[in-house]
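This document starts with one chain, in the form predicted on its own, laid out as structure tokens.
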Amino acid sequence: MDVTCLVTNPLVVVTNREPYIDEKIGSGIRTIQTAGGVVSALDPLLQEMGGDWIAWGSGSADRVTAPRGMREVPPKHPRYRLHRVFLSPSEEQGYYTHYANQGLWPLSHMLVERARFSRRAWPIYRAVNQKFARAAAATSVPGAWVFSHDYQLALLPAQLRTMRPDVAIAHFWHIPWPAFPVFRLCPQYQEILRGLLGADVLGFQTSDDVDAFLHAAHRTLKAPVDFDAGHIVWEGRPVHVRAIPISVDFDAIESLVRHPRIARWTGGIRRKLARRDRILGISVDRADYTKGIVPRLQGIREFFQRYPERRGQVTFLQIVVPTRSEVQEYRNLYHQVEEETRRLNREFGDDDWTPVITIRRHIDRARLMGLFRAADFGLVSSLFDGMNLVAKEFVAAQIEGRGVLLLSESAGAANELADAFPINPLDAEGFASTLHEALNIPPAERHARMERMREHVQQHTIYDWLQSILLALSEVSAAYARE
């Protein structure tokens, strides 16, 4: 889908994570394009239209390649400007590690007992948001569109609004928005609300998130709210609050798995599985406690206990990518996953069969999509997830329609992928029963369910998500022009 025609004003993107990161490799420097839905949608748009992207310069060589903060990207064929915001170690700890990831992240995922809010971290979080806002204000030309993102930059919209009332601001909150009694546990919840209400357009993953945000704004700030229209009047301005589910690039995934090299590799995996009468399941997660990895392993143990005939037949491949290693809780989780996996393999495995195989590193995207195509079932067991794009990637990669998807009811993707098999990640017995049911449905039904999900993902891509944001910004700009 070509969305370039929708961009009528200069575009400035603001994210915590940068689209290109420079890392020191030996005596040289390697530039890596980061992964994720936002980059896959916005990098091609900025390459086509030009523009600016503001992000935290976190790479080990970022200061070398951009000593004054600005670097043109992509490196070999520059098309737009990347402005890096550099943080000191204390800023990184206070803003990112402590306030964002030990406070807002667990609270937004309803994991109240894990949330830790530091009074010392809050002013650092606020000051770093101000740094990003100043960079956006300095970069934006009159009438620019600013598209900012997520819980790390919750204060930026209001800060930028104060500096540059002439720009149109959209902010997308990628993770779940918690129910009001949970959200109120954030000591600075009113400041977070005020920060986000600086935007003209606020996007969330689901209608439940929208309802929760509207109720929080109404109860806390007494702002006039039209719940049916998703409309808030704040400081004399309308703020449009909408459910705009993010998605994947369906055509790009299809092209990857149909590429001759990946198709041959996938075919080899399928032939090997067929010779040994094996069934392959797969999951892909960061080593994050919101992903329900340990409960999933408990469900797999229950499955092999209940259905011993499946021992030696079903192999589960879990890709667990280490993340946020500076946070002790994440390191502890990674060790717990390793221990649970060893116990399960000792209990059920033998010399010829390992029930659970773990890959502890990032896998390049082409091979990962090939594994999705080869798998007989995919597992997404998040305790909570704003969306979970892995579920949609698995569906897009299943071009033969052979596999089934088991999907947590508390992941945002469950609202769209109605033909997935719903699971409660905390119900090990229910998980085992659902996996048994999913593996026993007739091939024709399996194919029909997958094709219906594939049709939905094909019709609701990452570019449809972006189109909705750009159209909303266009409407805001038109309203400003009439004033």
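Numbers for residues come from their place in the sequence shown, where the first is 1. Everything quoted here is computed from the prediction, not taken from an experiment.
Quick note: we don't show the form predicted in complex with adenosine-5'-diphosphate-glucose (ADQ), though the next part is all about it.
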property	result
Candidate stretches 132-140, 187-195, 169-177, 67-75, one within 4.5 Å of adenosine-5'-diphosphate-glucose (ADQ) in the predicted complex by heavy atom	169-177
Proximity of Ala396 to adenosine-5'-diphosphate-glucose (ADQ) in the predicted complex, heavy atoms at 4.5 Å	no
Distance check, Arg84 to adenosine-5'-diphosphate-glucose (ADQ) in the predicted complex, heavy atom within 4.5 Å	no
is_contact(Leu297, adenosine-5'-diphosphate-glucose (ADQ)) in the predicted complex, heavy atom dist at most 4.5 Å	no
4.5 Å heavy atom contact, Val239 to adenosine-5'-diphosphate-glucose (ADQ) in the predicted complex	no
Sole residue of Ser108, Ser408, Thr266, Gln205 within 4.5 Å of adenosine-5'-diphosphate-glucose (ADQ) in the predicted complex, by heavy atom	Gln205
Position in contact with adenosine-5'-diphosphate-glucose (ADQ) when the complex is considered in the predicted complex, options Ala127, Val321, Met163, Val112, heavy atoms within 4.5 Å	Val321
Any residue of 76-97 that, in the predicted complex, places a heavy atom within 4.5 Å of adenosine-5'-diphosphate-glucose (ADQ)	none
